[in-house]
Structures are given as C-alpha cells and as structure tokens.
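Consider the single chain below, provided in structure tokens and representing the form predicted on its own.
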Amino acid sequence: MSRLRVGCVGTGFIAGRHLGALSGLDDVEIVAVADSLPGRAEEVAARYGARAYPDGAALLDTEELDAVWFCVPPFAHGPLETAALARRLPFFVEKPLALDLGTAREVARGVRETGVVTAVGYHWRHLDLVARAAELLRDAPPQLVTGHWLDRTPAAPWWSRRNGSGGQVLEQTTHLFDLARHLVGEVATVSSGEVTRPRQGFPSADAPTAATALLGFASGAVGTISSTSALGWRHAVGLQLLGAGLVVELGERSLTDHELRVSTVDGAQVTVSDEDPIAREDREFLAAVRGGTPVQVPYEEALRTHALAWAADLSAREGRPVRPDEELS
C-alpha cells in the first residue's frame, strides 16, 4: 500500500497528539508542518523528518499532499479550509470549526459542493465507553442531562479573548454539547447566562469566566451544561444522563483516560479506559481518504454541534432563547 503524504498546520498540544498518532502508522508519511511561532515548526518538523513552514498558506501552496490536519486556534479557521477545498484536498479540522457560525456555514457549503472528505475532532465519539453508554440509554432514554466543564484558563494568549477563542463555550464545552447531541438528540431551544470577571494573570481577557445553558431537546428531555475557566486547575469534566431507573455518567479523569459510571437501584459500576480516541479518529479519517467507510463526524455533522454551541453563546450575549436550527438556516 502506498504511503499517504500528510501535513499539519499548527504544532501545539492537540497537534502533537495527532502527529504522534500519525507517526506510528506505516502507511503515512508526515511531510510538512506549519506554525506561526518562530522556531516551533522547525523543532516539530525535525522530530518527524518533515519540512517546516511559517504558515499554513505556504505549506498548502508548496506541498503535494493526500490529506492535511488543521489544528489552529478558532480565529485562524476559514482561509485554510477554503484553500484546501480549492485543491480538493481532504482535511481534518480540530474543533471548534470557527470563531463564528457564518464562517463554518460557508466552509460547509464548499464541502457539499466539492465532496471533499472531511473529519472534525470531536474525539469523545470514538470512545468505546461512549458506545456502551449509547447502548444502555436505548432502553432508558435520557429525561435529564447535566454537564460540567470546570477548569483553569489555558495559557495561550488568544484563549481568554473573545476575538481569539470565542470563549470557553465555543472552544472547550463544545465537546459536551456534541456528546449530548450524540446521546440524546438535537436541541430545539437553548437559554443561557454568563459571567465575566477579571482573571489574575490575564489583564486583556474579556471572555466569560462562567456560563450555564438550559437545553430543551427535541425528544422532550431537558438539561443544563455549565462551564467555568475561573479555577487554577482542571476540577471536573463530564456529562450525566438520567433515564428511568438509570444514571449514566461519562467523565474525563485526565487528558489521557476516561470513565463510565453506570448507576441503578442495585448500585454503581465504574469502567475506566485509557484508549486513545484521537488515534482512532485519525485512522478512521485516513481510511475514508483511501475510499473506505465514512467518518463518524464529517464537517456537516460537526456544523450542527457548532451551531448549538454558538446558539448557547449567543443566548447569553443577547439575553434571549435561541433555536439552533434557525441559526443554521
């Protein structure tokens, strides 16, 4: 089998997870990486025997690739995807899709018109624990959903700025919105509130420090998803789903392992897994590039999650209920 030539724009933490997974595949050659931070692209390129570029545009203009990964901050999305579409180049995008909804809608339109193979990094869907949770919930559909992302403020200077990350709801908590959609179904309406307080060490921060969204699902279920970045540590990340006689809890114990807790009247059973969902989603995307089965989260599917996170953020900013489907139309 011929080796697929791939590149990666961005060399931060999540890009490192993807590059590490890709470097372990015999049928993949990492040929190029790009990063705007001086020296970082060269350092990462040397590690994988690749070429370094100062930005993604230069990489795409120069290299002949079979696929590319875009692991960039929210504000950098749009031009990169447009360039890949112009080249009919399959691309993997790390969430969130963009800083806003309009950019993501335009990219989605281009994906539909070109038929380019895409995938988006909502990696929780690739956990066996999530598949097991979905099986359990088929017999006891969720009536109540509660989620929480209680964390610190990441050090990246763009993260605490609305014009850099869009805020925690768009940049982080979107994983929980995606998991809720996957396990419960579409959200019909969302009403949110937010708090913005000064952050020590981040004098230019203007993104909310806490937010809560009240969700009304099309199934009739109700839920809340809350988040804060006001802590000095990662305290808890997870989603709880309650059906008749059943509580299913999914949590991220650390950056490398996850937990499923299933509770009934007879007690609780806990399963911990250190499986690597990022490596799994990368292999799935590459198989699709080779003409295999479709990916679990193509761009169009991820757009619906992005629209939900956007609706939650919009509701808090404007002080009104928002219907995600109306934002997509």
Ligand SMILES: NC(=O)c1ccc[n+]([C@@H]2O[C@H](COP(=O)([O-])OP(=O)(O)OC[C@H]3O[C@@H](n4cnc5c(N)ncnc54)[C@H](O)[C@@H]3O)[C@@H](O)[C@H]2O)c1
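Numbering starts at 1 and follows the sequence shown. If you're wondering where the values come from, they're calculated on a predicted model, not measured in any experiment.
Quick note: we don't show the form predicted together with the ligand, though the next part is all about it.
Distance check, R51 to the ligand in the predicted bound form, heavy atom within 4.5 Å
Judged by the heavy-atom cut-off of 4.5 Å, R51 is well away from the ligand in the predicted bound form.
Contact test in the predicted bound form: L255 vs the ligand, heavy atoms, 4.5 Å:
Yes - in the predicted bound form, heavy atoms of L255 and the ligand come within 4.5 Å of each other.
Report yes if any heavy atom of E81 sits within 4.5 Å of a heavy atom of the ligand in the predicted bound form; otherwise report no.
Outside the cut-off, so no.
Report yes if any heavy atom of E94 sits within 4.5 Å of a heavy atom of the ligand in the predicted bound form; otherwise report no.
Yes, E94 lies within 4.5 Å of the ligand in the predicted bound form.
I need to confirm a contact call. Of R280, R261, R40, R304, which residue comes within 4.5 Å of the ligand in the predicted bound form, counting heavy atoms only?
If I apply the 4.5 Å criterion carefully, the residue I get is R40.
Ok, A156, V195, L136, A188: which has a heavy atom sitting within 4.5 Å of the ligand in the predicted bound form?
That would be A156.
Based on heavy atom distances of 4.5 Å or less, which listed stretch (115-123, 176-184, 209-217, 196-204) is in contact with the ligand in the predicted bound form?
That would be stretch 115-123.
For the stretch 71-105, which residues lie within 4.5 Å of the ligand in the predicted bound form by non-hydrogen atom distance?
Going through 71-105 in order - heavy atoms within 4.5 Å of the ligand in the predicted bound form - the hits are C71, V72, P73, P74, F75, A76, E94, K95, P96.
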